[in-house]
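First comes one chain, alone, set out as structure tokens in the form predicted on its own.
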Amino acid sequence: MNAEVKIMRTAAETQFSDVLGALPALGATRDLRVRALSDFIAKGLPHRRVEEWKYTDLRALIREMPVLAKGADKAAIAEAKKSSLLAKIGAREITFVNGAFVAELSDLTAQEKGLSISMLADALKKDASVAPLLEKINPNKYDAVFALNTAALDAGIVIDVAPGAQITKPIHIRHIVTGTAPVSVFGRVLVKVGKKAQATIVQSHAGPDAVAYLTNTILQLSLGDDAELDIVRVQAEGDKAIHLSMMIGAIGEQSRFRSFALTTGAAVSRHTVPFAYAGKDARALLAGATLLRGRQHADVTLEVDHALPGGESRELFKTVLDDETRGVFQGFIIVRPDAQKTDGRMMSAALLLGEAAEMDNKPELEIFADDVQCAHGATTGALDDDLLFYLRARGIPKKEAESLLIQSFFGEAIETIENANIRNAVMIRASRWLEQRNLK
């Protein structure tokens, strides 16, 4: 007798399936959404027995799905106007409130020569290459965050930089959640940078404290040959939020890519970066600073895939953990057989300020080529007592001395940001975390 195996779904998995399955799936995204939802129904939310999610058990952390956000009304827009997460960076702003594009808080006028910014629905109609890019992720690896985001695919934006264009003004994509009721918010940003073009993209996330909302955003990047792109992310969600995000990148021959991510918000956050070298002699720098307090949980997971010769990658991540927080860094560099002359180096460093704080570091290398230079390292420790004594012996109060050492620790990662205005704004955000710590 054959026993029938019945897959047991959690309440959240059932709600995601029912709510997203009831959304209209028309036009160019129909097949994408249907396939993504089918994958999610079959495999569900990841749990600790899934290797990539062993430290961040989404099945246990997400008990139910908050209602799907209905967009931005006048009250939401008025509240969003008060948000100034990154001020005075001289950027063109594109604003999404509760997942919906808000024209009055955005600037799409007078776009520079070679720059095209359009809504996802419009881009799908006029550019046949957009739909395949939206589905572009490792087809052999299921990811629940990507599946859910694709199943909910609706609002989004496409930034297209033409070959040879030099876009000197940064483009700031703001994701703002408002209100007092928990909601689920999804967003998709697609960035295409042509051959020998250059651009800087800033992406920020903000929302209210004491509201258990959920955000799921994906940033997809396609970088042409000999192009240059800088990405800066600031995640400052509310203290009860769950933040799930991905940055999926593919960079072309002799291209230069730099990214930085500051994480200070959300009760639980997971940022995943599947990153591929699609051309030889390309260079990439992936950096970040995570500052946690209370009982926050933050997970950064990277997968850097060197498939072609001459690639260079640098990963530098700093984590500061206060109180009862938990940080996770999973970094995986794979060097495939054809990727000779690869130079890959990865470093994760954690500073434990709280006795109950915990850091899980998991750096990995998988090398199938013989002419390479690769290394990885991970450190975890407390503040240096000798340096602290040195500062206090010169009349600096204890909390101020600690702040100087902490800022010096995470400042190394922030210094990788090329644009001075953006770098200063990010440092101000990080310094506010230190100020709040000193108020305890």
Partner chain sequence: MALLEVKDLHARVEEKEILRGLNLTINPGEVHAIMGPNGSGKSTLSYVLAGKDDYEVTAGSATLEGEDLLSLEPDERAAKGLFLAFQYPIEIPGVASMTFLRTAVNSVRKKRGEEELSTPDFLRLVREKAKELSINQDMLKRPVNVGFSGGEKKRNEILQMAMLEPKMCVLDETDSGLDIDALKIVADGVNRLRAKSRGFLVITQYQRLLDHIVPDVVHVMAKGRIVRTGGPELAHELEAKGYAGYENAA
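Note that the structure is predicted; figures quoted are calculated from it, not measured. Positions refer to the first chain, counted from 1.
Another form exists, predicted in complex with its partner chain; not displayed. Remarks below refer to it.
Contact with its partner chain in the predicted complex, defined as any heavy atom within 4.5 Å, is confined among 52-60, 29-37, 403-411, 371-379 to 403-411. The shortest heavy atom separation between K398 and its partner chain in the predicted complex is within 4.5 Å.
Its partner chain is not drawn, but in the predicted complex it has a heavy atom within 4.5 Å of L387.
Although the partner is absent here, L391 is a contact residue: one of its heavy atoms lies within 4.5 angstroms of its partner chain in the predicted complex.
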